[in-house]
Ligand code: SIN
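In structure tokens, one chain follows: the form predicted on its own.
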Amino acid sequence: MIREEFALSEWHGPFDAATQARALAALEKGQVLYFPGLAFPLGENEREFLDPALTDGKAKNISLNHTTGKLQGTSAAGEKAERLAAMIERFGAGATRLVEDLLPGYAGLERARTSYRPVEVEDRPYSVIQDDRLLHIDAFPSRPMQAGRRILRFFSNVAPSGSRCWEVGEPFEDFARRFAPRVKPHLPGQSWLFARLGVTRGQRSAYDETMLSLHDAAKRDSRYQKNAPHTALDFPPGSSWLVYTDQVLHAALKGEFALEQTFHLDIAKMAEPQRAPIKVLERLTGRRLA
């Protein structure tokens, strides 16, 4: 099973213990938690944000740093930008409360940037490495996860029409076993130098370098992209979903007007830390990666 469905319609708990346990088990096994009735409602004065021209034409997404209030990647200015930031923040705060109520063991997880994705995925120009229409795991070049912190992401489709269309691939361990032999050792001192120069926010670990190599190798392998297992998932307007994108191979093929909240989680908070990508890779490679 790739997708586990939950009949939630409220953005907060309380949720019964059975629902919490089912959600936790499915998520850590590498399934997508799907909430078909969990819509993020837009106010009347927010519907003007259903406009692809809201981006600045440089970044593919509009992002908000909730700690500083800084909004990036948008053409909006002044009062319009303030209202846009308020909408994105309302989504991010709601997503955070929902995740912590549904997964109480994850309370205190780190909330990273919140993004709004108004541009049609299908129409964007990409380089191979940046093309999220190809199956990949998430690994951030400038934001190291160091000792294996997880990348957990919550999405909502706020489009007035049209599904967000994904494909998901094979289990992470199968993928890692296939590509790990291709990973080359990174250059000695490279991670230290990148951190010193401010290229990365902290120093990359061997785990970070491995995940980046796996990400790039999968996207560059056209035969793998064509022949690897693919399962199509559609997320219609008014639905939401939650997934570990560092574990679940995924490709976003089509859709516009989605909101997304990224979280980072220390693996010590997991119910089954051995399922974390760093633990899988350490078992496969026989060496410590952080």
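Everything quoted here is computed from the prediction, not taken from an experiment. All residue numbers are counted from 1 along the displayed sequence.
Separately, the form predicted in complex with the named molecule exists; it is not shown, and the next lines address it.
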| property | result |
| --- | --- |
| Complete contact of Arg117, Asp132 and Arg153 with the named molecule in the predicted bound form (any heavy atom, 4.5 Å) | yes |
| is_contact(Ala252, the named molecule) in the predicted bound form, heavy atom dist at most 4.5 Å | yes |
| Distance check, Arg149 to the named molecule in the predicted bound form, heavy atom within 4.5 Å | no |
| Close approach of Arg204 to the named molecule in the predicted bound form, 4.5 Å, heavy atom | no |
| Non-hydrogen atom contact Glu89 with the named molecule in the predicted bound form at 4.5 angstroms | no |
| Heavy atom contact within 4.5 Å of the named molecule in the predicted bound form, the stretch among 97-105, 153-161, 72-80, 169-177 | 153-161 |
